[in-house]
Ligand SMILES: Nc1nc2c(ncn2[C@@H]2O[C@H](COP(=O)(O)OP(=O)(O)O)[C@@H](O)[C@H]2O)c(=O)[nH]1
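Given as structure tokens, the chain that follows is alone and in the form predicted on its own.
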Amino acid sequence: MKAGIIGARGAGKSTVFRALTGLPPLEAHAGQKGRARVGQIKVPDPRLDFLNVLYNSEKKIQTEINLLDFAPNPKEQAAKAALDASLVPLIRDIDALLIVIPRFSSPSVEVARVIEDVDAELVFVDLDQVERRLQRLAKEGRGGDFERATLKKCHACFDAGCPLRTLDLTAQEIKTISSFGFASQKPALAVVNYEAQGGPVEFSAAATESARVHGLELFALDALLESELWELDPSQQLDMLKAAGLELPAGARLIRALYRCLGLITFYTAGPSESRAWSLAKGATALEAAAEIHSDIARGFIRAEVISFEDLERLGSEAKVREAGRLRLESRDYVIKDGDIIHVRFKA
């Protein structure tokens, strides 16, 4: 999973990146090559820790989020635009956006306005792309009827000033436009960068409504405070978090928000060799879970042995789960539940 950080100059994008990854920002860069720095956030998972101990696994493999920070383009930054337009080609293949909104200790910057300004920039670049593709289809003449109809539906959404993430599209329509990598279609979090010294963040009704209308979730983050946590040992980090009224560091909270934003669940594979957590779209089947593990497993799928984490934790061992009749044999069409532990039987 990849998420990219975007926003206006001075919003605190690089500070947010450091708060989440512990890595320093990149210097200003006018070209495209070398503009992105990738930081990895391992997803903390107590359920995976339990499985690792229970099975005495040799390896524990957590899911990871790759977070991209982009070096500013001096020309774009000088214009003080809501978005650096030169980043758009770099964000087309990522899974989600973190739109950083400056708030700090003063409410002088209106959250709703920034959301609208950034989305307006995303809509503008997507609209240009749609219009160019429609012109090309018109020149080609025959064929492409479904694509043309889908793009016109997107065009109407853009004309209304709405990002594509708010448009209700069918599975076939989503597949048809998937290669375009529309920026405004990306699931997104509005990361409000504030100062804890200013007290708890209280979002205005306008900000909450704007986030809802734009298909966003608001995520409050004291980026400066949490970037300083990386300089402390674990016990000092906990003390500093508690003093700020926080239970978990930014990375852990962000991951939860991104999973909600992307509609993801977690399933597991576990055994003596390794215990591993996997991300999967909510509503996905056992066959799709098998494909996530390995394409060969999906091709030779026979059945899935499934245990719920709650049953395993309650009964204490896989043997006792079997004795209690709580191990289930499921077909390829079984819809995976969050916390399922699966073992796929397959033929090579």
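For clarity, every value in this text was computed on a predicted model and none was experimentally measured. In case it trips you up, residue 1 is the first one in the sequence shown, and so on.
The form predicted together with the ligand exists for this protein as well; it is not shown, and the discussion that follows is about that form.
J.: Name the stretch: of 172 to 180, 267 to 275, 237 to 245, 222 to 230, exactly one has residues whose heavy atoms fall within 4.5 Å of the ligand in the predicted complex.
T.: One stretch meets the cut-off, namely 222 to 230.
J.: Within 4.5 Å of the ligand in the predicted complex, heavy atoms considered, which of 344, 341, 3, 8?
T.: It is 8.
J.: Quick one: is residue 195 in contact with the ligand in the predicted complex, heavy atoms, 4.5 Å cut-off?
T.: The answer is yes: residue 195 has a heavy atom within 4.5 Å of the ligand.
J.: At 4.5 Å between heavy atoms, is residue 14 in contact with the ligand in the predicted complex?
T.: Within the cut-off, so yes.
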